[in-house]
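Below, in structure tokens: the form predicted alone, a single chain.
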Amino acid sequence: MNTLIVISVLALVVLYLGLFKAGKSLLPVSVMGLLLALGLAVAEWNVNPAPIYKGMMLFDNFAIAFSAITILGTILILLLSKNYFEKISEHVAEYYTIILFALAGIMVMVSYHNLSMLFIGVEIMSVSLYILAGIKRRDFASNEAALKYFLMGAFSTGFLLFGITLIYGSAHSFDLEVIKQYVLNNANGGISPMFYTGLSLILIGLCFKIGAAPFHFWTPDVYEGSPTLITAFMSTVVKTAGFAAFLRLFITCFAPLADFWVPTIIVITALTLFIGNITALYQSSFKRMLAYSSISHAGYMLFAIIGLGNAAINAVLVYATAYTIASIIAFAVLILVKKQTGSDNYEGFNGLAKKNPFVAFTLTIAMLSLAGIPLTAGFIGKFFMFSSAVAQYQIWLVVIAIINAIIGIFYYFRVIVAMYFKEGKNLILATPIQFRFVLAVSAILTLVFGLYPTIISELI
């Protein structure tokens, strides 16, 4: 709870710093405040508290672990923001504040114990993201991204809220423990059809939020039109929070009804993998490729929903950590290349390794991790996901995932080939120290988690 309070207060402090024209202190204060929030979260590890505020919130190890990932991801992304927002507007404090408010909503999403708090967390996060997607007010693509995100977000929230309403009408409570007892007491045929309808609507709403097919159509356009830094935030921190919320609800309440919803999840997973990977093959834009790549990674993380249990929780934790860190590297390099060349096409990466070996090396590690190559965190993440599916005897689904992983190797290696084996303009990228720090830390973490996965794989 202290973590949520610190982040909420920090957002207001940053807003007031902007009011008093203390622009140079915005980034240091934000980072230090988030480090404090991260420390407070870790300090609550293994405390095993009971739900607080009449069962509304639960800050258990699950919530702490996913809070730590999202806070760490936000810190790394904010470190890339120096002089970024200044080029968009004079009111820089507002952007930091909105990101922090979005993170506060994410804290609620990963620690809810009541469906009303899930809805509140989703709305706090979503409203902030609608604004962030359109912060380039004079950019048509940014305006289009904000409008599409708002319309599709409102549409998906309608599904989610209506589903929560039907669950309440059946179980007579928003509390996860009460809903769990209702399912257990009536699992032999006494569950209301209204409950199944509510479960289905919640499933659709959450699939919209994580960008799973066939509810993914907003994702590529919104990711492409949004400022690159905001796209990095949405595709890493926000996606991790969506899966944490998804997993907490289904593992707590709906596990006994797996025979009803698992077949649907299997179909959604297969569609998400094929649509994300095959479409990514045909992209000429690196940023749009990352957008479709994020869809495919949503498909891999859905494996954990199918294989519910503590192993599945740890699998999502490992995969989300690996994906977040690697994606931050990719977006950081994209920001540098686009700033220098004015383009986000693959051609902008041609010959990058000759003049910028460090940048090219870190991006190579990120691409290898996203492709699931051994000795990287991404390989461990995929291994855990496939293992959870095999444990549920979903052999054909694992075969489909392996085929898609092979497809993914092609478009990830396309970037590596461009950097090392193609002739380019040999541009020297101006790499600020904070970018070098983020790239170095992220690359080291990717390799460390790949070599020593037990650091995070046995936390929960």
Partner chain sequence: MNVLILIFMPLLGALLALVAKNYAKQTALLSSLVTLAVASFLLCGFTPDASTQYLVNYPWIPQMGINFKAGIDGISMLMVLLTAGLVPIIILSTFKHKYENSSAFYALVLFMQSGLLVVFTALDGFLFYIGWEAALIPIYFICSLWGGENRIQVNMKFFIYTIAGSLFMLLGIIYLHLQTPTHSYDIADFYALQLDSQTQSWLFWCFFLAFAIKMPIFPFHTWQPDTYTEAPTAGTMLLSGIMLKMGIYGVIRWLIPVVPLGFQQWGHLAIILSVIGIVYASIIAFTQKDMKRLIAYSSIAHVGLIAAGIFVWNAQGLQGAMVQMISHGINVVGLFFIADIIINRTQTRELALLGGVAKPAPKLAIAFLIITLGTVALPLTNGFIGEFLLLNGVYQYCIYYAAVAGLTIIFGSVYMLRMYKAIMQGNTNDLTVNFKDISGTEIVTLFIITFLIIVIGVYPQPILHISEAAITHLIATVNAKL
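Numbering follows the first chain given and starts at 1. Source: prediction; values computed, not measured.
Another form, the form predicted together with the partner chain, is not on view; read the next lines as being about it.
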The partner chain in the model of the complex reached by all of Ile380, Ser387 and Ala391, non-hydrogen atom within 4.5 Å: yes
Tell me, out of Ile395, Ile428, Ala50, Val47, which residue has a non-hydrogen atom within 4.5 angstroms of the partner chain in the model of the complex. Ile395
Identify which of Lys180, Lys354, His91, Lys339 has a heavy atom within 4.5 Å of the partner chain in the model of the complex; exactly one of them does. Lys354
Given a 4.5 Å cut-off on heavy atoms, tell me which of 183-191, 325-333, 262-270, 368-376 is the interface stretch with the partner chain in the model of the complex. 368-376
Non-hydrogen atom contact Leu451 with the partner chain in the model of the complex at 4.5 angstroms: yes
Would Ala405 count as a contact of the partner chain in the model of the complex, using a 4.5 angstroms cut-off between non-hydrogen atoms? yes
Might Val31 be said to contact the partner chain in the model of the complex, defining contact as any heavy atom within 4.5 Å? no
Verify the contact flag for Ile409: yes if a non-hydrogen atom of it lies within 4.5 Å of a non-hydrogen atom of the partner chain in the model of the complex, no if not. yes
